[in-house]
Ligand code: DGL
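Take a look at this single chain, the form predicted on its own, given in structure tokens.
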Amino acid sequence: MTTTSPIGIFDSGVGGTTVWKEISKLLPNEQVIYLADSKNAPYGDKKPEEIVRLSIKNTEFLLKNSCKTIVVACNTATTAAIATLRQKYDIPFIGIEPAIKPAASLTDTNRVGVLATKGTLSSALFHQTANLHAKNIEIMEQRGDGLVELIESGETNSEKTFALLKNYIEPMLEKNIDCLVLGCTHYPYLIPQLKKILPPSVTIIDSGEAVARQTKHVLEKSNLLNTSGTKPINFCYTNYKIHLLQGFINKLELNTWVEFLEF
């Protein structure tokens, strides 16, 4: 493992590319290997032991490719598996959790909406975070059932997706939220649709920038930051429809090789 070794990122599909986008902005010299386990998406409906098994499988692949740190770019996998991964492997792991803390500091109405998967909303980590940072804040929890599947199918701008989002968001607006936390890395792809539903007074918050800052901090602390200045070639692997991942990767405008891999 050296400073020029890649950063590994995995998610239950294409959602983690929203996190990769922020990491590439902050750390443009870093090579990335991205693993999209779209075949098993979404993780949010799976049992914790299954999520741990899949996360170990993903980690093993990234370690075989000499990754120097691994970003678990999935809220559900973070809550269910990151503690096990940190115990099992001697490598830094960066996880993701819903951005409740910044929402609690920004809200004026003291009412915050959280759109997330079942696995995230039912996790101990989510409730610990809420109790720690939002004691006096009313949190409106909403499961985003079906949204990951629509995004994985490339339907980020479809009428079906818009109708489902509207059904989830309107009850939160009736409760006078002024912040909406996106508790799944897939959901930033829905921001254009959300902006059609939300009034300008509601702030949309996701964890991408915070994860990028934490990744930089971890690499600096471990003396693993790539300072070579060489433009990296990134690698993406998917076990589902390669053209769907390719479409999302093209939007990132990064120097990336995308490949189908059965795993």
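One-based numbering along the sequence shown. These numbers come from a predicted model, not from an experiment.
The same protein also has a form predicted in complex with the ligand, omitted here; what follows describes it.
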| item | value |
| --- | --- |
| Partner contact for Ile177 in the predicted complex: the ligand, 4.5 angstroms, heavy atom | no |
| Residue contact check: Ala80 to the ligand in the predicted complex, 4.5 Å heavy atom | no |
| is_contact(Val71, the ligand) in the predicted complex, heavy atom dist at most 4.5 Å | no |
| Contact flag, Cys184 vs the ligand in the predicted complex, heavy atom cut 4.5 Å | yes |
| Non-hydrogen atom within 4.5 angstroms of the ligand in the predicted complex for each of Gly8, Ser55 and Thr59 | no |
| Contact segment among 250-258, 21-29, 237-245, 8-16, judged by heavy atoms lying within 4.5 Å of the ligand in the predicted complex | 8-16 |
| Contact set, 143-159 vs the ligand in the predicted complex - heavy atom within 4.5 angstroms | Val148 |
